[in-house]
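Given as C-alpha cells, the chain that follows is alone and in the form predicted alone.
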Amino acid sequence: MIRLRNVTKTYNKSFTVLQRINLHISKDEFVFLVGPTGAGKTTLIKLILREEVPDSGSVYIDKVNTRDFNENQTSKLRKNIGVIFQDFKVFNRSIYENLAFVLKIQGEKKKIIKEKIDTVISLVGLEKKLHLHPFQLSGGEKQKACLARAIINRPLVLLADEPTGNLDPDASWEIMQILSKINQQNTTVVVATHDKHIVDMMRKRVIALHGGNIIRDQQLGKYNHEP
C-alpha cells in the first residue's frame, strides 16, 4: 500500500530530516510513528500525502510512484487519503455544513451527501451535535468532526499527525478507538504521536524515528523499546 525506497529529504540544503528511509506499510495496517520532536514524523506524513517530494528515492502509494505526479494526479491521490491534525482544521460552519462542503465541491447529489454524512456521524458518535458550530464543541468533539470529514469519502489511507495532542486522556482514548474502527473497515491508518500511554495500550506496529532514521520497527510494539 505505502512504500518508501531509499527516501532522503533535506531542508535548506543542509538539514537532513530523513535519510535513506526504506519502509513498507501494508493495506489495512495500523501503524504508529514515534520519536522525539524533529525526528521526521511529520515530514514522513507529508511525503505520503505528497505535500513534500523526496530529494532522492521514491514514494509509492498502491504501487504507483508519486514522485513525478502532476497537479491533477496529486489531486486524485489526495481524494484517497484522509488527513487529521491536532489543531482542529474545521471551517466556522456547522458540522453538517463542514461535511457537506467537501461533497458538494465533488458534485455529489443531496441524497448521497445525506447518506454519507449519516454514516460517518454515526461512526464518530456526533449525531446530536450535527448542527452545532465548532465554538460550541469540546476539543474531543472538534477532533471527531475532523475525523468525520477526513473519512467522508472512505479513503484508502488515513494519516493522523498528533491527533490527540490537544486532548485530555479520556477524549484521546475515544479518538483512538474510532481510528481503530476505521482501520477495521479496510482503511490503512498511520498515526504520528508522542502519546506514550496510547501507544502502549493499543499495541500496534510501532515505527520509531530518530535523527532521520528508522531505529525500530516492531509489531505489537510499545512507545519505548523493551528487549
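Just so we're clear, the structure is a prediction, and the values are computed from it rather than from any experiment. Quick note: we count residues from 1 along the sequence shown, nothing fancier. Think of the rigid core as the biggest set of C-alphas that the two forms share within 1.5 Å after superposition.
Below, we turn to the form predicted together with a further copy of the same chain, even though it does not appear here.
With the partner left out of view, is Arg67 within 4.5 angstroms of a further copy of the same chain in the predicted complex by any non-hydrogen atom? Answer no; every heavy atom of Arg67 is more than 4.5 Å from a further copy of the same chain in the predicted complex.
Would you check, heavy atoms only and a 4.5 Å threshold, whether Ile48 touches a further copy of the same chain in the predicted complex? Ile48: no contact with a further copy of the same chain in the predicted complex.
So, in the predicted complex, is Asp200 in contact with a further copy of the same chain at a 4.5 angstroms heavy atom limit? Contact check for Asp200: no, nothing within 4.5 Å of a further copy of the same chain in the predicted complex.
Counting only non-hydrogen atoms and a 4.5 angstroms cut-off, does Lys27 reach a further copy of the same chain in the predicted complex? Although a further copy of the same chain is absent here, Lys27 would stay clear of it in the predicted complex, with no heavy atoms inside 4.5 Å.
Val190, Met176, Leu167, Ile182 - the one with a heavy atom within 4.5 Å of a further copy of the same chain in the predicted complex: Selected option: Leu167.
Three residues, Arg154, Asn186 and Asp217; all within 4.5 Å of a further copy of the same chain in the predicted complex via heavy atoms? Negative, none of the three is within 4.5 Å.
Do any residues of 123 to 156 have a non-hydrogen atom within 4.5 angstroms of a further copy of the same chain in the predicted complex? If so, which ones, in sequence order? Heavy-atom contacts within 4.5 Å come from Lys129, Leu132, Gln136, Ser138, Gly139, Gly140, Glu141, Lys142, Lys144.
Just checking, between this form and the one not shown and with the core aligned, does Leu156 shift 2 Å or more at the CA? For Leu156, whose C-alpha is compared between this form and the one not shown after core superposition, the shift is less than 2 Å.
Once the core is aligned, please say if the CA of Val124 is shifted by at least 2 angstroms between this form and the one not shown. For Val124, whose C-alpha is compared between this form and the one not shown after core superposition, the shift is 2 Å or more.
Superposing on the rigid core, I want to see if Leu77 changes position between this form and the one not shown - specifically a Cα shift of 2 Å or more. Not so; Leu77 is displaced by less than 2 Å.
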